[in-house]
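Presented as structure tokens, the chain that follows is alone, the form predicted alone.
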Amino acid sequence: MTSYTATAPGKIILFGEHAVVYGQPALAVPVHKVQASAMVTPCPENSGLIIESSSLNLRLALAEAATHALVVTAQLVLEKLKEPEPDALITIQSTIPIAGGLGSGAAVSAALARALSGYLGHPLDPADLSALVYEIEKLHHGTPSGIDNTVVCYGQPVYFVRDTPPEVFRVGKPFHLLIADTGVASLTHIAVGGVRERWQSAPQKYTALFADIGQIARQAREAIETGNIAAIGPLMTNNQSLLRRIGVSSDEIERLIEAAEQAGAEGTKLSGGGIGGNVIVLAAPEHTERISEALRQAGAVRIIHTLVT
């Protein structure tokens, strides 16, 4: 058998994080500038399936690491395709920052599943791939929204409501985003768990906040589809105000937001689980360098400039 390589992009949530867990819509887009890749190559007979990644510092045998998320991914692919364990090596590489809200876990699993299924001659379609990766997301996050696996596997902008089919939507006019890493790991399951505890203690208050976030997401979809870039920034800022109220911002996030706003950002908010992770900034193209420098001065450890198309 010949080698087979597949990739999956990172992702960023534009609107609706956290509220999406409670039935509200969210918008997310792929970030193709960062990628996970997996290459499957044949190995000698009886060697079994090995998963290796120098960037993740791991080497796993299917028979010896049954509970590891990547091994579970491979096992689910084999079960789905009703194929025996092949004698092969899966080599994984990723440029997606870990624990930053960029969908690293989902992308690595998607790349692995896409490569292994393709190597076996039965490439998974986006819907089946997304459903499989969602099972792995449960291992990572406990009660995931489903948005990471959807965007990463479809590789297109997505309007997402939990328990309904995802809707791919168009971008009426491209716009520039800066993705600024606070340098603090964003552990989604901790942030999601904290919000759940607060919702359980004050359900009426938090349900109303989630509904407000959902309404912003609906307005944002219309603005993005019609190319009304001027409306997107204020919606981001309003979304961030609500995220503060549900308790998922942080000093590091707020420091980057303040710096970006003072440098001329058109909209700012955290993206993903919060507490740490990334801040996203809507910027006019002529201001991206100035805002990027302000973000660095405020402590951003990494900045990704992406064009949403």
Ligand code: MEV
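For clarity, every value in this text was computed on a predicted model and none was experimentally measured. For every residue, the number given is its place in the sequence shown, counted from 1.
The protein also exists as the form predicted together with (R)-mevalonate (MEV); that form is not presented, and the subsequent description refers to it.
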item	value
Residue stretch of 215-223, 137-145, 86-94, 73-81 approaching (R)-mevalonate (MEV) in the predicted bound form, non-hydrogen atom distance within 4.5 Å	137-145
Close approach of V192 to (R)-mevalonate (MEV) in the predicted bound form, 4.5 Å, heavy atom	yes
Touches (R)-mevalonate (MEV) in the predicted bound form: P30 (any heavy atom, 4.5 Å)	no
Contact label in the predicted bound form: V20 to (R)-mevalonate (MEV), heavy atom within 4.5 Å	yes
T188 within 4.5 Å of (R)-mevalonate (MEV) in the predicted bound form, heavy atoms	yes
Contact set, 248-279 vs (R)-mevalonate (MEV) in the predicted bound form - heavy atom within 4.5 angstroms	G272, G273
